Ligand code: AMP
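A single chain comes next, written as structure tokens; it is the form predicted alone.
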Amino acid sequence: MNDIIVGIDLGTTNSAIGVVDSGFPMLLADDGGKRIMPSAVWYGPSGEIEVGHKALRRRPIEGSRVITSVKRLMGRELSVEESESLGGKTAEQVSADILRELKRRAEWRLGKALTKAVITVPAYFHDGQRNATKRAGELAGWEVVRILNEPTAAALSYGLDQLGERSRVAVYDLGGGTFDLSILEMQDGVFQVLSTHGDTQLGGDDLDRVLAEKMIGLAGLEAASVGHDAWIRWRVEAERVKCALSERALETFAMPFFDGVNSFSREVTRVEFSEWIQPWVARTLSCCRRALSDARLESNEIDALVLVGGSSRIPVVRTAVESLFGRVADLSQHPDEAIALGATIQAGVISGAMKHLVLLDVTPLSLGIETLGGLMNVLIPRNTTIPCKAGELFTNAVHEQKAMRVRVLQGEREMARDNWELGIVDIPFKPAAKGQARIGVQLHIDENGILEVLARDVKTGIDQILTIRSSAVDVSDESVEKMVGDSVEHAFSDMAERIFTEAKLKAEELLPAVEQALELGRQWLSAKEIKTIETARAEVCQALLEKEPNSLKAAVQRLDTATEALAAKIVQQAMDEALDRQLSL
């Protein structure tokens, strides 16, 4: 049996880890179901370490102890200020803690020790940066079997190795801290980098800084005079507003009591933000032109354009890149997951767990299962080449739940009820606390169009298998056209219902948690802070009654933000009490 090799995207803003299981690549989620982990590390005063989402939650009150964007510092000499920002650690040590947490996650998910990994780096990383990445992996306990260029990983995840006999691909990768444009040529299934150009100091972090500095100026302050912890709060809000403006045309930038007394609030439009970041977008386009020139190609000689990295979601970025290359970008993969998925595919090829797929047919409609709230969770998107497999782990949503019903669906609508039911599998398991039972669901379509649904109780290893012989692929053109047409016709109402349902589930989980937190930590809050939380809680309750999707989503976010500091204080108090008990033994 071949050793398992994992694929890792060690990103500036986010990181992820994946593995090939039963011949198909999948990213591994944490116990909260999140596949993407923030590349953030918190170092406590007594040597404690927290990584990922837990570390980010500490930024509002312990910003100086939370390290982010360490990838920018890998493999190069640091200034005094940069060294101080790492708090006595090296960039490799911080990166190793991120990689160690990914290792813990993967071993927990797979139930076995793992030692081998493929780790991605930007194509233009020099030897020093590549070696630093490898050393970070080794510090975390990994044998790094290959350092893989990120654009090659992205091309693999998009299935671009299945293009024509000789094809050229442009990969535009605008991540949190770095940017590069790589042009690859694929021939006989092998990618060759024809040219690459980029900037290790250009990414989403810079766009956050632009917006934060603009708002600080409008608040009548100077960025240089804002303290370190206060600056982090402005940056965090800037990042939130930046992301929101990728979804809507207007968002409010709010900094309540930014100096303990005064507050600042200002509406920001997408048009304004686009104008403010235009110089940075232009810098990326300059790199694109340089890469084309180095490859001795014209933009119309590119066969595929791929956008990767969270900041590629920004509408003005996408429009500018598509205009330069004169073609629509391939958006079939999640921009935050594409590189990790490609690394996983490469790891599977090296280990022998993944074989080359032959293009035989495609799925005419998406396949998925119903999840909590009656939502359609797509596992295999429409037009996916077959044979193919996809899977995901699910947990029980109710305390002492005894079974889980897996309802297999086909269609393009957001709500399960509007799609076609292909079959049902009931999985019994021992009663467990909420979130403790784990059920793996895998959909597999073979070369004959037969859909096999495998549902596994991870704890016992007992499988339930349902075979569907024709519905997955053998669908009439008229039925496909009607389903796709309905999805377009109802797109806005479907998405509104999905947003409301997801926000309602979050609200129903958050409200009792907030009530409990207030009981535990009211004594640590000022009257003003208590009022802010109670007002936010009332707004959530009112939005639930009004059933307005965006209002509820925004209200839930405000309540979540309002209670971040309280949650962090409760966690710190619990840690202090645990430490006191240890010392008293």
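Only a predicted model underlies this, so the values are computations on that prediction, with no experimental measurement involved. The first residue of the sequence shown is number 1, and the count goes up from there.
Omitted from view is the form predicted in complex with the named molecule, to which the following refers.
Engineer: Can you say which of 487-495, 422-430, 200-208, 505-513 gets within 4.5 Å of the named molecule in the predicted bound form, counting heavy atoms only?
Structural biologist: Heavy atoms within 4.5 Å of the named molecule in the predicted bound form occur in 200-208.
Engineer: Are any of the heavy atoms in Gly176 no more than 4.5 Å from a heavy atom of the named molecule in the predicted bound form?
Structural biologist: Output for Gly176 is yes: heavy atoms within 4.5 Å of the named molecule.
Engineer: Does the 4.5 Å heavy atom contact test between Val193 and the named molecule in the predicted bound form come out positive?
Structural biologist: Flag for Val193 set to no.
Engineer: Quick check on Ser274: any heavy atom within 4.5 Å of the named molecule in the predicted bound form?
Structural biologist: Close contact is absent here: in the predicted bound form, Ser274 is far from the named molecule, nothing within 4.5 Å, heavy atoms only.
Engineer: Might Gly342 be said to contact the named molecule in the predicted bound form, defining contact as any heavy atom within 4.5 Å?
Structural biologist: No, Gly342 sits far enough from the named molecule in the predicted bound form that none of its heavy atoms falls within 4.5 Å.
Engineer: Considering the named molecule in the predicted bound form, which of Gly137, Pro122, Gly310, Gly368 comes within 4.5 Å of it through any heavy atom?
Structural biologist: Partner contact (heavy atom, 4.5 Å) among the options: Gly310.
Engineer: Just to be sure I understand the contacts: of Asp457, Glu239, Asp418, Glu452, which is the one whose heavy atoms reach within 4.5 angstroms of the named molecule in the predicted bound form?
Structural biologist: Here the answer is residue option Glu239.
Engineer: Give, in sequence order, every residue of 218-253 that has a heavy atom within 4.5 Å of the named molecule in the predicted bound form, or say none if there are no such residues.
Structural biologist: Glu239, Lys242, Cys243, Ser246, Glu247, in sequence order.
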